[in-house]
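First, one chain by itself in structure tokens, the form predicted on its own.
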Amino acid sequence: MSNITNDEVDVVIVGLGWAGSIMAIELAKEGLKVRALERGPDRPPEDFAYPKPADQYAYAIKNKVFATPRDAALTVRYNDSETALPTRKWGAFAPGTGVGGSGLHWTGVLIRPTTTDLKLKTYADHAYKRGSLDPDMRIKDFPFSWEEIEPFYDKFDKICGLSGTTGNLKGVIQPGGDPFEGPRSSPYPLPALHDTYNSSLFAATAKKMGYHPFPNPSANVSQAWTNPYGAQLAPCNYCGYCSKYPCLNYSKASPQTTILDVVKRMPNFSYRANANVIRVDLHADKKTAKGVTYIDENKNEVFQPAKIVILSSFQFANVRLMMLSGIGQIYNPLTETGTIGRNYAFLSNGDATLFFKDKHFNPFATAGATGEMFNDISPGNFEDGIKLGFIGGAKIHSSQATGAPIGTSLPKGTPGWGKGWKEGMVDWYGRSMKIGITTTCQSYRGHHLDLDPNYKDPWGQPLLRMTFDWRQNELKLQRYLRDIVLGIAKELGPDSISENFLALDSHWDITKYVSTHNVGGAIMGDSPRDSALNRYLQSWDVHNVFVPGGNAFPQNFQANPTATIGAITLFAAEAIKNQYLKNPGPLVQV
């Protein structure tokens, strides 16, 4: 192992997923010398695109394009009195690794939060009586207005070729879309994907019951699309291999299909795969960074000098790297001092599976984001939460998963293997549909991230430690949503229903997959007292370090996070180009 120093660059980017790829192309277009460092391997499209097979066992079971717990483990506990234990196998969430990051294997649902979601603290203070919510709740507003951020949602929609039905165009409600969405400056770039049978049944029933269903906003494109960078996507062929898979058909928006093939051709951009960044190196005054240090594939320690550092890895990795580098003070839940690690939040899901002897759903013909949903049960759109003492909501949806055999839903009591399982597959394959929820999750004083004192990674650095469990607010929300889902399910008249919702005494279960929508830990805000980053994702403490990603969310809304990660990254890139480069220093004065 030897020490190496690379040539200096204007910008070093740590993590080449969605946020890193956006920063790379936006700053390289400005003429800056940009170098990206990715912990995992390179993943060029020829490694997985047609005619390569969609191997369910490799991708969906063995997590072929995910980080391994050995490389990205963290420790977990329910509260501060417990000793945290390390993750040995991914369960509730599964971070990606390699070029493209989680943007390579995501499902492709690209939905914006509502205007209320972005100003949740303001809404809560107005709608709820003081003391009616958990006193440990620490919800906050995002530090920008809808009018400021919407153009960047619009730009990211066009980068991805978003397919869907517009619900609110410049303040005018449009038929067939989401009437609760914030005003769009332009329509969806492409029309919605075709409905599957299950989503058509769900939408018709939900509409009859007074809800407002609309097609899932999809980054699996419905038609051929050329984005603003000149990248081309092919129309989705409904193969169904989306979630946990790279797209075989160049039809799902990902860093590879929308950005990387373009930026790789630029002479001022370069990247290194298998480059595990272990710290951000600071100048003696601790107010600016001078670059980063990484371990290369030959186990050499390499220093990469840079004028600007972008931390754009997965949420956990960004927070941990700030802690290991001494950027900001680690949060203490007892004193509520420090900002790095606070406001960690996850989300919950739940569903009802409906079995029909007389219906066949052809589950092999689908896409990751086919389906219908409604947003009627989100903050500000319904009043029952105020009466029942909880805040939050969910998108309620029916989406058809791939028809691959492993994991196919079968009625309760069906054996998990052998003759009985085969008979169950013959009788019930393609004869079920699901109605699911994806919920909000609030942040709390005691939910946080810090460094574990007992467990270390292969390089001798402490693992990240998560302290998290369900609170009554989220469990009350689950029970409320269960009644809505079962009401729709019964209206559809299935032969049987199996349900999967949290009970009021549930603890968070790390062993069962929920989603990889982890947020918080290095949040954006208006003050360095209770946030790690300003509105431009710039560290309050080290002004040439910017940290785009889900880490910046102060709590989790019911919308999938990718649209907002894309928008806030574009917002930050614009500020770097138009403000920071002209006058390096804090972009928001305290």
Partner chain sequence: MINKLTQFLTTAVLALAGAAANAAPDQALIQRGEYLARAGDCIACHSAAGKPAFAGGLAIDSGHGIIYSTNITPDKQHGIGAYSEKQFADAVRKGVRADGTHLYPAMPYTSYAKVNDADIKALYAFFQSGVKPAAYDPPATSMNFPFNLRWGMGVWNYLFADTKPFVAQAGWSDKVTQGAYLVEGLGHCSSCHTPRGFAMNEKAGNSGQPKFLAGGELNDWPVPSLRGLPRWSEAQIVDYLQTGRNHGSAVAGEMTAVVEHSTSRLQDADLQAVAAYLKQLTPVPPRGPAVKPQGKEETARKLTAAVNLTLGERLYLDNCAACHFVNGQGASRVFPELDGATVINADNPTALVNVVLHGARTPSTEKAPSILVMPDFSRRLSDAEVASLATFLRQGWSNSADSVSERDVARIRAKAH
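Owing to the predicted nature of the structure, the values given are computational and were not obtained by experimental measurement. Residue numbers count along the first chain shown, from 1.
Although it is not shown, the form predicted in complex with its partner chain is what the next lines describe.
A.B. asks: In the predicted complex, do 45, 49 and 235 all reach within 4.5 Å of its partner chain through at least one heavy atom apiece?
C.D. replies: Contact check passed for all of 45, 49 and 235.
A.B. asks: By the heavy atom within 4.5 Å rule, which residue out of 281, 261, 499, 141 makes contact with its partner chain in the predicted complex?
C.D. replies: Checking each option against its partner chain in the predicted complex, the one that comes within 4.5 Å is 261.
A.B. asks: 425, 224, 172, 503: which sits within 4.5 Å of its partner chain in the predicted complex by any heavy atom?
C.D. replies: Exactly one residue meets the criterion: 224.
A.B. asks: Among 157 to 165, 281 to 289, 261 to 269, 339 to 347, which stretch sits within 4.5 Å of its partner chain in the predicted complex, heavy atoms only?
C.D. replies: This holds for exactly one stretch, 261 to 269.
A.B. asks: Can any non-hydrogen atom of residue 230 be found within 4.5 angstroms of its partner chain in the predicted complex?
C.D. replies: Answer yes; at least one heavy atom of residue 230 falls within 4.5 Å of its partner chain in the predicted complex.
A.B. asks: Look up in the predicted complex whether residue 444 has a non-hydrogen atom within 4.5 angstroms of its partner chain, and give yes or no.
C.D. replies: No, no contact at 4.5 Å.
A.B. asks: Give a yes or no for residue 294: in the predicted complex, does one of its heavy atoms lie within 4.5 Å of a heavy atom belonging to its partner chain?
C.D. replies: Although its partner chain is absent here, residue 294 would stay clear of it in the predicted complex, with no heavy atoms inside 4.5 Å.
A.B. asks: Within a 4.5 Å heavy atom cut-off, is residue 249 in contact with its partner chain in the predicted complex?
C.D. replies: Answer yes; at least one heavy atom of residue 249 falls within 4.5 Å of its partner chain in the predicted complex.
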